[in-house]
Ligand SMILES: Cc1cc2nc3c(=O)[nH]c(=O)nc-3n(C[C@H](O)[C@H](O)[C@H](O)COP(=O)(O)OP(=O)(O)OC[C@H]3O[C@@H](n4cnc5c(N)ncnc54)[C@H](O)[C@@H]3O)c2cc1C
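To begin, one chain is listed below as structure tokens, in the form predicted on its own.
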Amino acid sequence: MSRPTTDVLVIGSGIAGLAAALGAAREGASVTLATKATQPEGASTWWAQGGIAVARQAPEQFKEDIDVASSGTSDPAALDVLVQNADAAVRDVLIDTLGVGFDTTDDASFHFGREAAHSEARILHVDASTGRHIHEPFLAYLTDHDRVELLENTAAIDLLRADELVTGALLESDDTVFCQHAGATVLATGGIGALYSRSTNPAGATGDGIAMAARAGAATADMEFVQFHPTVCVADGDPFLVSEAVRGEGAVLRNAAGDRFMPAVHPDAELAPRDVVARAVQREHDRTGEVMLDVSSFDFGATFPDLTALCGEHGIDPSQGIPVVPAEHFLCGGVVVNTNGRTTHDGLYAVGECARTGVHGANRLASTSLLEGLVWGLRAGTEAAEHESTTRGDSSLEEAGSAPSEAFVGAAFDRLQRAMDEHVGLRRTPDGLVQALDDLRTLKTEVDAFAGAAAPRVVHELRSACAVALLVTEAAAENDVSVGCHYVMDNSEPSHGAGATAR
């Protein structure tokens, strides 16, 4: 079964996918936007709290902050693209087109927040729920656009291709599988949170776009750089992010003894880069049994009413401190793209978290993910609109045998997450990575046996998760130098323990 060919197929409905759709539609292209989500909360953008960074009047300082946070591993050309286009893209799309009501000061000028590793206040925000205030009007705007067709509850399970030319994707909706041919295809499928038991990502973040691109032979890079957010509250087992902006306002981290520990770890203390803070939080949690975010130095309720309400929903009194632990947050690597989002395969683009632009290098600076998605989405959509293809490729998927049981799928996800949690998390050892590779390769072989075109969606998600987990682990095993999010310890130190010495 095939649908009519579209000029541009965008897969994913976060800010990067929406920006790509907008960029293509502005060029007069017909756009089909396919998303697994059935509501805004299904996209990572909706959950973003802190805000979106802009250059303001100091682009060179912005570049330096991003590069310092990355431990000097950011790509200079990518940094130039991000910083030079930041303010114009935000003004054009978020302010002038969508009318996002960013917080202002008493004189009606924008209020700029500051977060960890930023040398100045440059973050536009709406309380601590910025993503929702961007995503909902953006989705509504495109839903009403006469050149954009939205396919909700629609998953991409494989790319259509002829050799190294990508011509669309095999999609699934309501158990029906169909081909969507396109002149160009843009992957905007988000992150990989489902690979870990504790993540800030929404459900369904199984790395589908990366898995499909890699299966087609497109290049990936920097897959070992998985960022963990240092302050995630899991008081009742349901994790929620506590924005970095809270530490920007003056909140401090204390261990179970009430001692503040970050000043001894880094000169910037709580405002150190995320990888540094996350490892310190995990170490103190392991050593003392608890880490609390102390917000007593300012009026938390007035400054962060949305977070205050969220704490209340989870039975937490912020005045007594907010219990936090690190959780998987963002993949800095992904499908290799150029400054317009083009991958190594003709007709295929990637934007947002599934793409490796080179901006983030080994560690992402806070509040740059929405900006990267917006800038690269617009650029990729604009170029994709000009790509024409009359070729109709095929999927590599074949029919498979009987579907696995729900018990098998559940147990497989548990095995996957256990391998990643224990061996490919915040702290890694060579022996642990070897063990994870063995476990994941065995699991992938078992799962692949069920992954035919007509398999249930959850099987394709599990297949993607296994493939991406292997990419992450293989990249980690090949890199014996600790930098940014990738922290390798001696085998004598357990990967889940404290007090390790990095290589």
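Don't overthink the numbering: it's just position in the shown sequence, from 1. Just so we're clear, the structure is a prediction, and the values are computed from it rather than from any experiment.
Omitted from view is the form predicted together with this ligand, to which the following refers.
- When this ligand is considered in the model of the complex, Lys36 lines it closely, a heavy atom lying within 4.5 Å.
- Among heavy atoms of Gly190, some come within 4.5 Å of this ligand in the model of the complex.
- Using a 4.5 angstroms limit between non-hydrogen atoms, Ala251 is distant from this ligand in the model of the complex.
- Using a 4.5 angstroms limit between non-hydrogen atoms, Gly352 touches this ligand in the model of the complex.
- Of the listed positions (Ile66, Ala465, Val472, Ala48), a single one reaches within 4.5 angstroms of this ligand by any non-hydrogen atom in the model of the complex, namely Ala48.
- This chain is displayed alone, yet in the model of the complex one of Thr167, Thr231, Ser369, Asn363 has a heavy atom within 4.5 Å of this ligand; that residue is Ser369.
- Annotated contacts: Ser13, Ala156 and Phe330 all touch this ligand in the model of the complex [non-hydrogen atom within 4.5 angstroms].
- Just one listed stretch, out of 376 to 384, 251 to 259, 181 to 189, 281 to 289, contacts this ligand in the model of the complex at the 4.5 Å heavy atom level, and that stretch is 181 to 189.
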